[in-house]
Ligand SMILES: NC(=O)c1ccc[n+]([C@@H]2O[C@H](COP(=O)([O-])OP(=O)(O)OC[C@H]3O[C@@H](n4cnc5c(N)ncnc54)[C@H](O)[C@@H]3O)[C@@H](O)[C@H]2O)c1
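In the form predicted on its own, a lone chain appears below as structure tokens.
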Amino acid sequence: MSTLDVRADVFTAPVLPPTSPPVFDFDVAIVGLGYVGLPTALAYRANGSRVLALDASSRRLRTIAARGADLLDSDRARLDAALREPASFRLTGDASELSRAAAIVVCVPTPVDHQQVPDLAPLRAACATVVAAARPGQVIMLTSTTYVGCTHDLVEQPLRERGFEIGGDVFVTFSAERIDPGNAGFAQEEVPRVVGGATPQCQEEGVRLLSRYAARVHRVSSLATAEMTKLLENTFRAVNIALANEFADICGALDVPVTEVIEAASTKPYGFMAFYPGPGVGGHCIPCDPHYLLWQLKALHVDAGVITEAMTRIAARPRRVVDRIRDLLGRAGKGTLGTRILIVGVTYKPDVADLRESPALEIIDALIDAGAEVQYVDTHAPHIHLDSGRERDSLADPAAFHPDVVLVHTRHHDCDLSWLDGDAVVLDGTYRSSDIAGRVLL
């Protein structure tokens, strides 16, 4: 996702009580046009709303205008239709235009730094911009996953300080996004949304805003309840992924096929949900969101041992992959120095171009540091920039690299592995590439 910068000369709308019902040029403005914001803007527009689509990055705006954004096929069609109707879908980088929209939805990233400390700079900047542009009659909704109380701190209280009456002049709500990038199985309109408001009237305005495209909206009693709901959703996933990885290691030690175990357990119609092991966890949610909760709880001296341990194990998973490669080489009487290692797929999940928090990047850097010659192949990521400053391009002909070890990290649906000739050791980090003869598991 892109972020908005707060500038010293940022437009500030005057707080003037309207003498008549406010008139707006757009039904909704979307702030931040990344993996969440752009599909959200397109969903609103497809369901009849006039949309102001705002991003501070001129490069991102050009990519969208050129139809180059990474989208599902259904959203690609929506984008084509939207760009043909500029009166109902306006791309802009001018934050002052936010005053033209009846509602403002903030969709910016909430990452963590290398020490797993929340980086609130993008969200603080976006919220400050929105508060500065606010005018009476607007609904302001925060959708970025963050700590409990964030909507109050960054939106509600600053609006009060500007002189607005919350629930009277402006309406403050929170409803975390529920978009699964690359997954066409859950259309935005079909996924229920949870909404909380600063006041009962704020909640109702939030419901009205979401109902422009969402088939079902679930009300909760407060902003804090809505914020905590999203933290529970993604922490639940993180803990269960950590457990699945641990079971994979246990099954490996006991020579039991872990995927068969998971599939067998999945036949139980209640009390079980399948999670699968892998080489690590990436993306904008699972590796990041639980740390917002842990960060807040640490300041309150509240223990969260299960969550802490799960996130520690998740962070350590890429190193586990590197150790497994070294172990396999050691059994063959080799070391990592000079060994050719090929990574298949470097995005954080299949069929997306998203590299955020991808375990592959850490794995590649660690293997290079250990002296290996490392390359990768990925049709969705032609070029990568590693944290170390190193850069790599996807190989056009992986067979010509003659790898000693192949790590299947992410397997896209268009991934062609017919070039594998049986000479390389194939480490299946997905645990589900059973069509590869002679593969070994983590």
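Computed from a predicted structure; not experimentally measured. Residue indices: 1-based, along the sequence shown.
Keep in mind that the form predicted together with this ligand is missing from the display, and what follows is about it.
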Q) Heavy atoms within 4.5 Å of this ligand in the model of the complex: which of the stretches 373-381, 406-414, 390-398, 31-39 has them? A) 31-39
Q. Just one of T235, S99, Q203, T145 has a heavy atom within 4.5 angstroms of this ligand in the model of the complex, so which one?
A. T145
(Q) Only one of I307, I179, C150, I166 gets a heavy atom within 4.5 Å of this ligand in the model of the complex. Which one? (A) I179
Q: Considering only heavy atoms, tell me if R90 and this ligand come within 4.5 Å of each other in the model of the complex.
A: no
Q) Would A125 sit within 4.5 Å of this ligand in the model of the complex, counting heavy atoms only? A) yes
Q. At the 4.5 Å heavy atom threshold, is D289 in contact with this ligand in the model of the complex?
A. yes
Q. Contact between F171 and this ligand in the model of the complex at 4.5 Å, heavy atoms?
A. no
Q) Within 54-70, which residues come within 4.5 Å of this ligand in the model of the complex, counting heavy atoms only? A) L54, D55, A56, S57, R60
